Each structure stands twice: as structure tokens, then as C-alpha cells.
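Below, in C-alpha cells: the form predicted alone, a single chain.
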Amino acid sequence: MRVPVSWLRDYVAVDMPLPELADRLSISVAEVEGVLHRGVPNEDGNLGLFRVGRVVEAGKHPSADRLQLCQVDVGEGDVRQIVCGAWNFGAGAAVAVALPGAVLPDGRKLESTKLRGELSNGMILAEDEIELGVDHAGIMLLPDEWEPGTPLADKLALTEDILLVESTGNRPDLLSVYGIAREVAALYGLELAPPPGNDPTRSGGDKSLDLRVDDFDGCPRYVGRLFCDVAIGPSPAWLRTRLSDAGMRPITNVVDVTNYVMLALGNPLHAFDYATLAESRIVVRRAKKGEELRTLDGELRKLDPDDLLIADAKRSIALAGIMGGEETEITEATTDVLLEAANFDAYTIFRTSERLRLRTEGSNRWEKGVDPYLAPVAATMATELIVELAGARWVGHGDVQEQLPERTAIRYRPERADELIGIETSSEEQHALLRRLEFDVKDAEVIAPTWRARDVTREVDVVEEIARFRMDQVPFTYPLRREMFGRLTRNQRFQRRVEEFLSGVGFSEVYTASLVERDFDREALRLLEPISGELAVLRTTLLPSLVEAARRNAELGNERIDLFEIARVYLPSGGPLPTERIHVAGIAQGGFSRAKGVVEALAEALEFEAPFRAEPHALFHPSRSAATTGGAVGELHPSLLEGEWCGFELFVDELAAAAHEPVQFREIGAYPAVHQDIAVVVDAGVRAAELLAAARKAAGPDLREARFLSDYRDPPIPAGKKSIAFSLTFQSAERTLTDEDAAELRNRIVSALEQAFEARLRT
């Protein structure tokens, strides 16, 4: 929610420093993500150089067909000559002028200058040049009654501070400027202005409206108001600016009023072209089987019987609370307008919005739950503005409703608040704080206001209201543990050991997003409505995210970049939901041996076997990658990151299944070991892991360790062959092995390799 501070001041006196206000709101109400500053710099008298001007003369520039030469009165007695490139005005127009020396929002400082030989002593402004909107099609036309020389800042919000408020899902009342103002008034003990708007006198009689609600569960209340002689046109500059500052695009005066009231009060409105309604009737009902509606975005929507609709006597005309229909939209030809100020069931709107994947500012508020008592207040505010801004006559009113919900009464004990918050607050002070929030306090009961009916239903919810005021005084202490339930599963314990090991060997843990722009697996689950193009696919692997994290660290000049992550991946299952698995992945500076060494050390520390076999991987160098227990290791492909990098990615549950738990210890041998190295020449396609496995099988338990040393393929090794060297450690648990014993074991290994792989001992 973007909250312009000048708009907030319409309802409550905001005199405190904005950083202080942002902090108080963040602690007690909703997070304020920042304060955005918009508009003309307000320094060194700069605002005084922006004035209302009156064009006295306007004609074609003598040396440029596309430029207009203007004489403009800016209240100085003598007129100023200004060259302008726009042609949407002429003599007599009231315009916005920046004088020489003025600094624009983009930092440009204006100077008197010659354009194609003619002096331009100022600048006639378009609204986007002073950040009052986005229009640059022509210059900004001001009301004719504004006097030349009037400081523009007296008429328009040339500067604005905008609070960026992120409210929680259970507080729909905070999705309005008035709702935020109510909280500011309560926090600071200030006076809150009454809700905006006053009904004008009805003009032209009291026309009866045909409003029918067939489903009060979906629509507890429907308020309709009819306006005649409506002049559709652009909204005044102040309204367009406020909508733009709040993040909405101005359209026309009537549509802008509905959006303005929604932002001000939190109750979405809709306007229909009354002449397009069959039999001048409004019916709120569920959709019929097979019914369709073309909405304002041009899409033909296939409806479901659970969808709540606004219809006339013949067909559906709007998706209730979500979007209007094309056939009844407000156009320049509209003269009669039916204003809708209703209340819709939260779950009904949410279900339709989700099914159609159609989210709007209105549906966002309805699905969180709008106060049903707010509809007539919103109708009153909109009525006043439509009459004022569109020259309309208000001629009809209707309010159809069933029994609206009673205010919730909650049994409340002030001492319970002291117990839960941890600090003492007198019952009198608690009651005073609740009254500032417009709760009623009667004896042992607290009655919540209608706009808090959904989130304040229990005693503990009322306690939370008191806690919000005392949050900055609550001491930072750990809670007292009285009992402890549950325990970690075997796999959870194993995962923690993996984290501790990698941290212990110098890796830093990172957290990256589960949603990515693309994935190596073409079957990866893609979101139907992604948040953005970069967050569209549920990832099936962690390594690409770690590559990006390493790249950012390298670009910032960080050194010793060793990163790991343990997180879920989402594998295609063939169904609507993916299969979730927990992976551990790491990336480090160094070659293949670095990654292999980390995984080997992890296997040794956690007691699982980790044999390696050559196997290609999309991210790794084609000849420097291997598969192992639970995943793969390798040297990163050089095209991905500059320098030498390596990585690994393993399936944690598979590692846990392979681990020996509980650990079984072997007695350290009391007899000395004999160490020997051998090298054999084999075909290039034979894997080192296969040779090691055959050696262990041939030698039996007296071969305590067999370790790979090297892979050599240069001359004098013949083409198509390679020399694999091993380090062998022989040790017996029963006696000291002699050289003859070691020679026999060595010969058994060589013989086994010759038979299985046609290996030749290299001397």
C-alpha cells in the first residue's frame, strides 16, 4: 500500500518526523518498507520558481514548424517569452511554468536559452516533467480561474512523501489511507477526522432502483446510487496526482472516483453505464451452468456455478468484486451512471479469483474481508465527488441487505494481558488504549469495531492490541522453557551433521530462491501465474543458484568463496504437484580434486561409502565430473564462471540411508602396515573405481586401504591406453605381515586385474 503523506494528513495531524512514524508503524501496526520522495526538490526556495501562467499569445516559431512561440504572464507585470514543443493549448490557457533557475525532479536546472534563434525564458510543463503523472502527450492545462503568478505548490502537490506500507493478510482495514490514519491517531493519541464525504442534496426527485440480491451469503449488502447528466472527462490534477502517488493509473473522472474512494476507505466500488442495463435492473446471483462473461480486459471468461455475478434482467454484467464487464463499462458517451457500493463474501471472491487467475485491487481487499458497514460510507464519499467533479445529479438510492453481523463481544481480563506480555499495564490504561482503537469496553467485555470483526475474536487477540502499544518496552529475554516435546528424526539429525561438517571445513551457508527463471529439466514445474519472469519455475537442482551466488560474490571482490546450501528441490512427478527432496550442494574455488576431497571427507566423517565413477553432468567439465553416492561432483564448466571452480550436489536422504548409524568402530591394528604402490596400463575406458573394487576383492581383509594416485595417458603409454597408479596399504589384525606376504597379496591383485581388464603391470 502506497500512502501519500499529504493524503494521510487529511485525516490526522502528521507532524512527527517521518522516520519516527515509520518506526512506530513498523513496530505496532504494519511494516513500513521505506519512504519514497516524489517531485520537485524543496530546497533553497526552488518551489517558488514554479508558478501558474496565462498564455497571452501563442503562434508558430518563425524558424521551426514544430515549435510554438508563446508570451506568458506569470504575475510579474511583463510577459515572458517561452518556446514550447506542445500544441495542445493556445492563447488564454492556464499553464504550469518553471522559471529560469528552477531545478526539476531529474536534477536539471533551467536556464534562459535560445531555441532556433528565439529566447526561451522559462519552461511550460507537462505533468510528467514534475512527476505529477505519466502523461507527456501535451502540456498540463490548469483551471482557468487560477490566477497568473500563483505559486504552483499552493495548488498542486509538487512534492510528496509516500509511505510504503506492507500490511498483514488479517488486516484489510490497513489497505486504506483512512485505516492507516486511524492507527496513527491511536498510536499518538491524536484526533481522527470523521470519515470523508457528505451526501449532497438529491436533485431531480427520488428514483426507485430495481436492486435484487438472490444470494445474501455471497452478498450481505448491496448499495446502489443513480446519477444523471454525468459529464465524463479527465479528473482534476489533484485527483490524478493522488491516484498516481498511490500506484494507480488515472482513467476518467467517474472511474477515478471509484478508485480514489477504494484507496481512501478500503471499500471497492464499481460504476455501470445505466443505459446499458436490461430493464434497468441489478441482480446479484450465482453463475448459470455454461455462462460466459467478457470482462473489461477483453477476456471471455467461462464461469462456474460457484461464481458470484452482477447481472441485469438478461445477462451477467460483472464478476462481483473482481472486474466489470465490457458491455456496461463507462465511456465518453455515458450520461447516466449506476454506482455500486456493496459487500461481498471473502471466500467466494477468493475462490473465483484463484480459479480464473484474475487478481485486482478490488479482489485483493474483498478476499481479506471488508467491513459490511463500510458500503454506505463509501457511497456517500463517492456521491459527493461524482456530483462535484462530473457535474452529475444524484437522483436515486437503494440499500438491499439482510441481517448484518453483530459486533463481537469478547470476555476480557486485564491481568491476562500482564501475564502474556510480561510487563504490567493498569486496567485503566488498557481500557484507554482499547478505546483509542475504537473498541467499546463494558465491565468484563470488550466489543470489537466492525472493521476488526475478523481478526479480533478471542481474549488473546485483545491482549495483542495492548501489546502493540507496549512493544518497545518489552524486555529482550528468552522465554522460560517448562516442557519439551518431540525430537528430531534420524534424517533431520543427519542433515544437521552435514551442515556442521561443511561449516567446519570453511564453507559459508547461503539461502537462495526456490523459484528460478529456467531449469535444466524441461519437465520442471512452471507456475501458471509467476511473480515475475525471473521467478517462474520450481528448481530441480541447487547448483545453478549457487553459481549465481558465487558470481555475485566474485564481482564484489570477495575472496575464498566456498558456499553451500541445504534446501528443497522440486522434481517432476507426472502429477499436478512435484516430488520434494532435500539436497545439499556446494561450490568452491579449485578443481575436481577439491570437490572430490570435500565429499570424501564428508563421507568419512558421516560414515557412508562414497565411490566415484566418471559420469557427465550439465554443469561440469565433460572429462572432470563423477557420480557418487546420492549425486555428483565435478569441476565447473569454464563457460559458467571465470577461473577454476568446482562443486557437488547430493541427495541428503540417500546419504543418510547409506550412513552406518550407529557407528561401528574397528579396533586400530596393533601390527605394522606395509605400504606399496602399483601402476597398471589398461584401456582408456576402464574406470579407476572398477580397478579399486577388483583389487579389494582379490586381496581380501588384509588390504586395509586402496587409494587412487594418478591417471597418466602421455607417451610412452600407447594411444587408447592409460596408466592408473594406486597406493596400497596391507595390514593384518593377527600378525605382522612380511615382505613375502605383501608380495603375495600384490600378485593376487595384479592377476585379478589382468584377468578382468587385461591390465599390464607397468614397471
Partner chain sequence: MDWEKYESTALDSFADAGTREELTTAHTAALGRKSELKTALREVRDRRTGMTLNAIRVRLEEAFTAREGELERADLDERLSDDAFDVTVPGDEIPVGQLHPTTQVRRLIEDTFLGLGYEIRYDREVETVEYNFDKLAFEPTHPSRSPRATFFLDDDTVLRTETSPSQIHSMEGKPPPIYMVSIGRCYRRDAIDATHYPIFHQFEGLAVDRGLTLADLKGTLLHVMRALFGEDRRVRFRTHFFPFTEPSMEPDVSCGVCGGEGCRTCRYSGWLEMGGSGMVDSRVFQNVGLDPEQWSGFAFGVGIERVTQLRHGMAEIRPLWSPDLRALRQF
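What we label the rigid core is the largest C-alpha set whose atoms superpose within 1.5 Å from one form to the other. Quantities reported herein were computed from a predicted structural model and do not represent experimental measurements. Residue numbers count along the first chain shown, from 1.
What follows is about the form predicted in complex with its partner chain, which we do not show.
Undergrad: For the interface check, one of 394-402, 220-228, 457-465, 332-340 should have non-hydrogen atoms within 4.5 Å of its partner chain in the predicted bound form; which one?
TA: In short, 457-465.
Undergrad: Taking any heavy atom pair closer than or equal to 4.5 Å as contact, tell me whether residue 69 reaches its partner chain in the predicted bound form.
TA: Residue-level check for residue 69: no, no contact with its partner chain.
Undergrad: With a 4.5 Å heavy atom cut-off, would you call residue 482 a contact of its partner chain in the predicted bound form?
TA: So residue 482 counts as contacting its partner chain.
Undergrad: Can you work out whether residue 499 and its partner chain are in contact in the predicted bound form, taking contact to mean some heavy atom pair no more than 4.5 Å apart?
TA: Looking in the predicted bound form, residue contacts with its partner chain include residue 499, since a heavy atom lies within 4.5 Å.
Undergrad: Using a 4.5 Å heavy atom cut-off, state whether residue 582 contacts its partner chain in the predicted bound form.
TA: So residue 582 counts as contacting its partner chain.
Undergrad: State the residue from 314, 407, 302, 568 whose non-hydrogen atoms include one within 4.5 Å of its partner chain in the predicted bound form.
TA: By the 4.5 Å criterion, the partner-contacting residue is 568.
Undergrad: If the cut-off is 4.5 angstroms on heavy atoms, which of these, 275, 474, 693, 618, is the one near its partner chain in the predicted bound form?
TA: The option sitting close enough to the partner is 474.
Undergrad: Is any part of 593-632 within 4.5 angstroms of its partner chain in the predicted bound form by a non-hydrogen atom, and which residues would that be?
TA: If the 4.5 Å heavy-atom criterion is applied to its partner chain in the predicted bound form, 593-632 yields nothing.
Undergrad: With both forms fitted on the core, give yes or no for whether the Cα of residue 404 moves by 2 angstroms or more between the shown form and the other one.
TA: It does not reach a 2 Å shift.
Undergrad: For residue 314, state whether the C-alpha moves by 2 Å or more between the shown form and the other one after rigid core superposition.
TA: No.
Undergrad: With the core lined up, does the C-alpha of residue 539 move 2 Å or more between the shown form and the other one?
TA: The answer is yes, as the C-alpha of residue 539 shifts between the shown form and the other one by 2 Å or more after core alignment.
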